[in-house]
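Read the single chain below, which is given as structure tokens and is the form predicted on its own.
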């Protein structure tokens, strides 16, 4: 591993705030903490990059200065901001924070499903207005949920929905049956055929060229008019104008949206005021203590990197997500 004269690697941390509990990392590396503007100057001589500000888009423009870099880790499950040609085509190892947000996002999805079924938004509205308005609500037991994305987040969602009594199927890269969490997993090219059968459609897929814009007018047109759409994947999975049209026309019954094509969601977006829409500000995975959990994932991988052990959560850069195949130790730690 290439090191500094003090026998410590150079680690660039991209973000305006210091990660919590970072002392052990700082003891073993020369840490250069920078914001977006400072990244190009911090890159020369750096061995590793920790993208602590996972919303940053600064890495592609600064990449020409990253001559010695051998490892990039991002504090998120999604890596779409790093899927540019320079990194994708290099031998730099990319790892993500897979596993931190699975349970919290699954709880958000279950909460959204229950909120729709039990008409909780209307209950709160009537309460604020002082109206005693009795209604009947839906059961979730026996309803069909289609989880698009069969990775760890999709699996956590499937397990919780099954526990609540829903019948769950998945959509992933390849079809298979007898899956312990989904039962049946359908191939991605079967999505259109699966959508008409679902009462709840949950998007939890990674953002790739193949999944970008997959929920468009054609997709919403084949969904049940009583179906609800939940997006905890990425905003770019959805053609927003097509979703607004489908919701306004009654093609689908409702949507719970945690991610959007433009974030923050513009104030003039129709989604804010639609009565059948729940909007949250990209927070479905952000539980109390999530920043510490993200820092711990990096610290564990940093120790592995220093010790020339295989890294966890190595992203297949041709696919855009981890496949479970670790990088060879010399790839992760070598600065040659």
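Positions refer to the first chain, counted from 1. Keep in mind it's a predicted model, so treat the numbers as computed, not measured.
Another form, the form predicted together with another copy of the chain, is not on view; read the next lines as being about it.
Peer 1: Given that another copy of the chain is left out here, which of 172, 183, 213, 111 has a heavy atom within 4.5 Å of it in the model of the complex?
Peer 2: Contact with another copy of the chain in the model of the complex is made by 111 alone.
Peer 1: Taking another copy of the chain in the model of the complex as the reference, which of 164, 194, 188, 244 has a non-hydrogen atom within 4.5 Å?
Peer 2: Only one option qualifies, and that one is 164.
Peer 1: Please determine, with the chain shown alone, which of 236-244, 67-75, 155-163, 89-97 has non-hydrogen atoms within 4.5 Å of another copy of the chain in the model of the complex.
Peer 2: Among the listed stretches, the partner-contacting one is 155-163.
Peer 1: So in the model of the complex, does any heavy atom of residue 277 sit within 4.5 Å of another copy of the chain?
Peer 2: Judged by the heavy-atom cut-off of 4.5 Å, residue 277 is in contact with another copy of the chain in the model of the complex.
Peer 1: Answer yes if any heavy atom of residue 252 is within 4.5 Å of a heavy atom of another copy of the chain in the model of the complex; otherwise answer no.
Peer 2: No, residue 252 is distant from the partner.
Peer 1: Indicate whether residue 104 is a 4.5 Å heavy atom neighbour of another copy of the chain in the model of the complex.
Peer 2: Yes.
Peer 1: My question is simply whether residue 286 lines the interface with another copy of the chain in the model of the complex - judged by any non-hydrogen atom within 4.5 Å.
Peer 2: Yes.
Peer 1: Could you pull out the residues of 108-125 that have any heavy atom within 4.5 Å of another copy of the chain in the model of the complex?
Peer 2: Heavy-atom contacts within 4.5 Å come from 108, 110, 111, 114, 115, 118, 120, 121, 123, 124, 125.
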